[in-house]
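In the form predicted alone, a lone chain appears below as structure tokens.
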Amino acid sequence: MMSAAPFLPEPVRGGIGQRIASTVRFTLPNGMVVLLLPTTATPTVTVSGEVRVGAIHEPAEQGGLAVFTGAALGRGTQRRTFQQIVEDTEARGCMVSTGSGGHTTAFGGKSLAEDLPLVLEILTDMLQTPTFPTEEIEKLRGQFLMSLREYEQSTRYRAALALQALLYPPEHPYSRPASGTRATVQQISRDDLEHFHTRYHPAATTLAIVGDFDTDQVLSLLETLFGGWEPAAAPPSQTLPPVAPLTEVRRTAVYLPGKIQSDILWGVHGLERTHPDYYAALMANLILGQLSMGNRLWENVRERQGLAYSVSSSLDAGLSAGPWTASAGVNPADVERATVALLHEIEHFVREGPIDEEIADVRDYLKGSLGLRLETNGGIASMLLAIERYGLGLEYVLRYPSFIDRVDHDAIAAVAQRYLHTTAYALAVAGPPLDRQE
């Protein structure tokens, strides 16, 4: 039997759901969306935001440019050096941060209620007037190159890269790592960062603030700070090139001598977050390889057969359709046996579908975990960003239990049959070759 989080319906159906539904949503004249939810539960405020610009918007030959730019935003602005930003925030016990990924660049902060103006002012400077100081840029480059060297020795990371290349054509952004490679990061210049920054756009930006503040005062402050942010061009598109469905098995191996573990990564094309199949796929993925330690893959590949140190599945459903994967960390000598076992469990799930007990456990888990995620200002702010990103509506939390309850056995079985193909898939293995284990 799968272990599940306790069902906590009241925080979702009652207080917190109603509070989120009452969030003030305001659009500035430049298109920036502001979501404000005041609460006096704690004397703190959390600021979370995103600009929908990321690695999908960078040239293939400049891999890592979006991540580099996002990290560099806080390394100095027209009004504050990096050191001044650190000193001003640490002196007041505040926190600010920025970073970028595949589709978005995130920014945010946390402070006591009285220090919210300082956090917003610094974040405004980071987004609108970064200076990309050469000395700080080179420090960042060194950190990125060191991290990439470490990643290159990770069997899981190398298997993931190989799987991406099998699932997506070279011209597709998902075929390459958002972090870039050592070669591409080494070639990125300060001018490249400045140019990529011009793609940031207020109409592609959402800002959520949750905590102890006065709505009218904060809205007035935001209009002052962000109202003058004028776009340089049209907002960047989130549309990605179409991907042809797999019609065969594609398999590759990456050899890393000296390693004592191999990582197996199986994958097929998945779906985007707004697809009608999403909730059924979410539940199918939990049953197959995510829910605690009682999922199908864990029970059968690891516990019963002892063929994996770790095993799980993952559904990457975002602004575009990412992969649906299953992975296992195994003894190199067991790669083939573990691969057969992995495929067998996926095939069995596709053929038989879930049992009633699994569906009940997953329903309880999803409802209960939502309530737990919304216990903090940060969790609520993240939810507000997701609501805006995917156009879910401010009453989404109130409606969420009904979305889960309407998914039945037939819906889960159908989505498994539609996506989890065992005759056309990609499989990547990274680890030591058997004839050269050390």
Partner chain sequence: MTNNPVQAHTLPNGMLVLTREMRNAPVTTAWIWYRVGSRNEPGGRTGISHWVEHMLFKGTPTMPPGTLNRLIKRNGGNLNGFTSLDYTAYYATLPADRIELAFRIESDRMINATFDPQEVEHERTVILAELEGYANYPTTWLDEAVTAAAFSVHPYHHPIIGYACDLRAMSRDDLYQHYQTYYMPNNAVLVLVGDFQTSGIMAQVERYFADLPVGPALPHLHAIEPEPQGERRVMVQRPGPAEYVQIAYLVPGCRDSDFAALTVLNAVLSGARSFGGGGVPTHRSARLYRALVETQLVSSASSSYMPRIDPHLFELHATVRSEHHADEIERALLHEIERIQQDGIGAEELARISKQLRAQVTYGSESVTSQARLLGAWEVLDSYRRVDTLVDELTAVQAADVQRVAQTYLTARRRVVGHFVPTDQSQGDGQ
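Quick caveat: nothing in here was measured; it's all calculated off a predicted structure. Residue numbers count along the first chain shown, from 1.
Another form exists, predicted together with its partner chain; not displayed. Remarks below refer to it.
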Its partner chain in the predicted complex reached by all of Met95, Leu291 and Gly306, non-hydrogen atom within 4.5 Å: yes
Options 133-141, 216-224, 191-199, 160-168; stretch whose heavy atom lies within 4.5 Å of its partner chain in the predicted complex: 133-141
Contact between Val350 and its partner chain in the predicted complex at 4.5 Å, heavy atoms? no
Would Leu112 show up as a contact with its partner chain in the predicted complex if we use heavy atoms at 4.5 Å? yes
So in the predicted complex, does any heavy atom of Lys259 sit within 4.5 Å of its partner chain? yes
At 4.5 Å between heavy atoms, is Glu375 in contact with its partner chain in the predicted complex? yes
Contact residue in the predicted complex, chosen from Arg75, Arg250, His172, Arg273 - any heavy atom within 4.5 Å of its partner chain: Arg75
Just to confirm, with a 4.5 Å cut-off on non-hydrogen atoms, which of Gly31, Pro59, Pro43, Gly393 contacts its partner chain in the predicted complex? Pro43
Taking its partner chain in the predicted complex, which residues of 137-157 have any heavy atom within 4.5 Å of it? Glu138, Lys139, Gly142, Gln143, Met146, Arg149, Glu150, Gln153, Thr155
